[in-house]
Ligand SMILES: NC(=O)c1ccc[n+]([C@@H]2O[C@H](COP(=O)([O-])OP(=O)(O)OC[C@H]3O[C@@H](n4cnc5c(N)ncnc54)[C@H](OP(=O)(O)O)[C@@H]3O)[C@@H](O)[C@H]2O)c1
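First comes one chain, alone, set out as structure tokens in the form predicted alone.
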């Protein structure tokens, strides 16, 4: 029997992409799933797909940057299933552009979604996770290992999750709650995935054709293993692991390599 059998799992940002894939994979293992996303139409479509497969799932629309929405998300999970065993803070947004070119409003919005959008659900979930001895997982990125040119605010927001997870791990050390943070590498984009441009407009996620992307199912299964094994930190993909190792060994060298690559790409464009 899977360790996720009958566990109540909340996944933010789960109407598509990694979040949706995690929901399906966990439901296959017998988990009761609470879906969440801002886009009601897409969320309901995902909810219907999972219900049609016979999974025990509810959908709670809401914005993770809104305190009332986050409180409602946790309350709806409790009302439906009576407990919370796992919270996966997956909701996120990206952008690209230099610090000089980015509209200040983009910095604010990305930090709100990627950082506060993990803080708020976690705060409301903690009392329930203490009761269940459950898990809270933060979905970070290999971009959090060393700041990447042209992705400054995304890197910053994901780096902030490391400090959050480290602090929370110690704060909850005596409670039996497992805290984990996953440094996800380049993953195959959902066709509907959007990002902010430099002016704060929502645009389609550009294709990272030069980098081989990992299938969402691989990422989802690695996150599930983290939960089952109560792993604290895990860096995904060989490139991500190499980046983490080199950054520990010589951060200045990693910085030089990233800088050289950035200048090359600038000349190409």
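Positions refer to the first chain, counted from 1. Quantities reported herein were computed from a predicted structural model and do not represent experimental measurements.
Below, we turn to the form predicted together with this ligand, even though it does not appear here.
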* Looking at 186, 81, 107, 151, which is the one with a non-hydrogen atom within 4.5 Å of this ligand in the model of the complex? -> 186
* Which one, 42, 222, 233, 241, lies within 4.5 Å of this ligand in the model of the complex by heavy atoms? -> 42
* May I ask you to state whether residue 65 is within 4.5 Å of this ligand in the model of the complex, using heavy atom distances? => yes
* Decide whether residue 141 counts as a contact residue for this ligand in the model of the complex under a heavy atom distance cut-off of 4.5 Å. => yes
* **4.5 Å heavy atom contact, residue 92 and this ligand in the model of the complex** => yes
* **Contact label in the model of the complex: residue 136 to this ligand, heavy atom within 4.5 Å** => no
* Please determine, with the chain shown alone, which of 127 to 135, 97 to 105, 171 to 179, 154 to 162 has non-hydrogen atoms within 4.5 Å of this ligand in the model of the complex. => 154 to 162
* Decide yes or no: are 8, 87 and 229 jointly within 4.5 Å of this ligand in the model of the complex, with each residue judged by its heavy atoms? => no
